[in-house]
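Starting off, we have a lone chain in the form predicted on its own, written out as structure tokens.
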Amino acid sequence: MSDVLARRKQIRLADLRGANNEGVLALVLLVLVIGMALISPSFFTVGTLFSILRGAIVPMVFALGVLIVIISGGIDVSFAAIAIFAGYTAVKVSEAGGFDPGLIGVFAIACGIGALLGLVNGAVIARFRLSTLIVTLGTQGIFRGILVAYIGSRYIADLPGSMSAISTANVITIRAGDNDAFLHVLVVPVIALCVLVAWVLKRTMFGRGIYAIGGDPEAARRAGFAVTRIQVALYVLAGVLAAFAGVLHVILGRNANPQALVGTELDIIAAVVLGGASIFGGRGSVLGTVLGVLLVQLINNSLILVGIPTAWQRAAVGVLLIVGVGIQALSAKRQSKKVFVTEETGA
């Protein structure tokens, strides 16, 4: 009887922890919020919450693209280059043509460019079976070079009217004297994207194929998945998401700068890994990624509030990435020992 109760408790604890340790991450977030509220009373306000959510808009979309690549067993460091390439080019096309294509037109131009650049990544990786890190490192430099050499290196402050209009639009406004709180309207499409990507990963054969490839590409091939086609498609999707994030970055920043987004890759990859996505492939969730992005944003915000220089933000994110990967390595090692003991016992 006691064994049954102990077993039930283990199952309940596992349910709370979640398949990708989302429960643990949520608990860390809660502790951090309480700690910051005690240290700085001004932290626990609606304005701070809206500020963190606004800061997470672009990283969240980046993280969705990085998530599907990491689940498939790869790593992509070219998404920031794709984002600014697509976002800047969309604005440049509008400026050169002397017209405003509207928000839908801008997003369509940028996403088309992102799909094309993602196709380059996917085709090279799937066709030649090269290291995803090496390929995306190479294409990152190529995309930036083409952007600066052939499209433009000039800072553009005059955005099309449709982009300028939405840059100051809010979905929620809370008036409280001098401390008004505003939640930007672009939070809405980002939430919709999170739901859509979660649905694709959980409910479609394409999503299951991504998990299968991350677990073992050869086993996925024998199970009937079109591995090459899925790899190309997922990098195209990652390119589209990066381009979408690039346009959001231009709108929120109210300018198009070809040198922007350099060096943001570490924050995004750290957030996805902290969210439970296995760097070895085959595991990860949108919920964990959302929590990971919020954790990185919260830490960056907290460091500023307690007066720590912004230069240390990079160090803090680097430590988080090492801790996240270290925990995954220890967990994988422990799991392999369990399998070994089970096999020995069974023999």
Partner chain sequence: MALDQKNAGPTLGRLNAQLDQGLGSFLATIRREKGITRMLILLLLSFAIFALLKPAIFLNPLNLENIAIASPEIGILAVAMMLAMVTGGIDLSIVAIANFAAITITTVYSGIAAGNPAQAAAMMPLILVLGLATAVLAGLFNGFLIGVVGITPILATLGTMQILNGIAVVWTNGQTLYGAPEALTSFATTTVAGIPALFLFFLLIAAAIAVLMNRTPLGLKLQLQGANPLAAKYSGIGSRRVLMGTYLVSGLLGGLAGIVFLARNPTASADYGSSYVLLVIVIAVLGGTNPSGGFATVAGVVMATLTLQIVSSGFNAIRLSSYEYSIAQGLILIAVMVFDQIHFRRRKARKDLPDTNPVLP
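Since we're looking at a predicted model, the values are computed, not measured. Positions refer to the first chain, counted from 1.
The same protein also has a form predicted in complex with the partner chain, omitted here; what follows describes it.
The chain is drawn here without the partner chain; in the predicted complex, the stretch among 279-287, 34-42, 299-307, 58-66 whose residues come within 4.5 Å of it by any heavy atom is 279-287.
Put simply, of F99, W199, F128, Y155 only one has a heavy atom within 4.5 Å of the partner chain in the predicted complex, and it is F128. Of the listed positions (A149, I104, A192, A169), a single one reaches within 4.5 angstroms of the partner chain by any non-hydrogen atom in the predicted complex, namely A149. The closest non-hydrogen atom of Q259 lies within 4.5 Å of the partner chain in the predicted complex. Proximity of L137 to the partner chain in the predicted complex: non-hydrogen atoms within 4.5 Å are present. When contacts are judged by a 4.5 Å heavy atom cut-off, V273 counts as touching the partner chain in the predicted complex.
The closest non-hydrogen atom of R54 lies beyond 4.5 Å of the partner chain in the predicted complex. Every member of the trio R314, G318 and L330 reaches the partner chain in the predicted complex with some non-hydrogen atom inside 4.5 Å.
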